[in-house]
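The form predicted on its own is given below as one chain in structure tokens.
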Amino acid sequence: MENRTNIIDCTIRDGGLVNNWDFSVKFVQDLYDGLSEAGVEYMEIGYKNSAKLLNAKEPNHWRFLDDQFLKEEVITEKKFTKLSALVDIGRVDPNDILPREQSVLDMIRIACYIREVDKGLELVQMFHDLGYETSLNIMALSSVPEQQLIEAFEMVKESPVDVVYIVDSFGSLSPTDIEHQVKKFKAMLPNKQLGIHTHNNMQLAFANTLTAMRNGVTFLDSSVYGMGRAAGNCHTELLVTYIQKASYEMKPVLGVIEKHMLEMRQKWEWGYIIPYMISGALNEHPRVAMAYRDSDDRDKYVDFYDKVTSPEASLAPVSK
């Protein structure tokens, strides 16, 4: 079973939510080379969203991927690791997308909430027709009513999407929850490969990822040193060490951490931190905890807990 595993490293894409994608070209190149040497199957190099549609004032190479820039300045030579990009509903311009044979990208992943699955599948069809591997990442699963999921999956089943993701957006799910979700997804989508994307709010990202893998999930998201929004993700270095697959090698990943990420960790904060744990325990989006960590009260954990559990606390609705 393990030999069918595909690791998708999301350090640039999810880690960019920590530092506003302030990564140097050199870091991205070193990460790509390290992941290729480590035998990691995919690297998510950012978002393929449209700067124009988002009214972005400043250029941001990894948030608004440009095929020409990638090919000429970043990945001048493709190695073992394939490249993926994520797009959001309503934030991608079809005119920005080249056919796969003209791009360095191999896979496009579409992130959407359950209410937007129809729009997500329209994008899946478009990218599929252009030759890309595709995935559908349904976010905030822990708050989706069962009936809604069943209806959405009727559409997903008929689509050409290659991989459907179980996404623990709030880091609130346990291994038991993951096992339940995987069994449900497999029953409803017998013709699709499944993926897992976890967050480490409750220090369960690694355990949840392994649980998914043991139950037949073949696409595993992770990031080097766990770098990702708020509590971060499952660690790439843990997966390449733990999974019994001859092509995986931990040493090149350690090299990237040593060369770049120890310094990054001094500059930017991510990982298991109490307010993120509290938001995970309450099954809430971490944005309130992230704002709190940016305030002068950042370490007043009791005060934060009281704020978010008081009856009048109104946590903002989920959005991207």
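Just count from 1 along the sequence shown to find any residue number. Just so you know, these numbers come straight off a predicted model, no measurement behind them.
There is also a form predicted in complex with a further copy of the same chain; it is not shown, and the following applies to it.
A.B. asks: Out of the stretches listed (126-134, 168-176, 109-117, 69-77), which one is close to a further copy of the same chain in the predicted complex, meaning heavy atoms within 4.5 Å?
C.D. replies: Every other range fails; the passing one is 168-176.
A.B. asks: In the predicted complex, is there a heavy atom of a further copy of the same chain that lies within 4.5 Å of any heavy atom of residue 140, even though the partner is absent here?
C.D. replies: Judged by the heavy-atom cut-off of 4.5 Å, residue 140 is well away from a further copy of the same chain in the predicted complex.
A.B. asks: Under a 4.5 Å heavy atom criterion, is residue 250 part of the interface with a further copy of the same chain in the predicted complex?
C.D. replies: Because a heavy atom of residue 250 falls inside 4.5 Å of a further copy of the same chain in the predicted complex, the answer is yes.
A.B. asks: With a 4.5 Å heavy atom cut-off, would you call residue 202 a contact of a further copy of the same chain in the predicted complex?
C.D. replies: Yes, residue 202 sits close enough to a further copy of the same chain in the predicted complex that at least one of its heavy atoms falls within 4.5 Å.
A.B. asks: Would you please decide whether residue 262 lies within 4.5 angstroms of a further copy of the same chain in the predicted complex, comparing each non-hydrogen atom pair?
C.D. replies: It does: once a further copy of the same chain is placed as it appears in the predicted complex, residue 262 has a heavy atom within 4.5 Å of it.
A.B. asks: With the distance limit set at 4.5 angstroms and only heavy atoms considered, check whether 214, 235 and 258 all reach a further copy of the same chain in the predicted complex.
C.D. replies: Yes: each residue has a heavy atom within 4.5 Å of the partner.
A.B. asks: Just to confirm, with a 4.5 Å cut-off on non-hydrogen atoms, which of 189, 207, 89, 98 contacts a further copy of the same chain in the predicted complex?
C.D. replies: Looking at 189, 207, 89, 98 one by one, just 207 meets the 4.5 Å heavy-atom criterion.
A.B. asks: Scan 256-286 and write down, in order along the chain, each residue with a heavy atom lying within 4.5 Å of a further copy of the same chain in the predicted complex.
C.D. replies: Heavy-atom contacts to a further copy of the same chain in the predicted complex: 257, 258, 262, 272, 274, 277, 278, 281.
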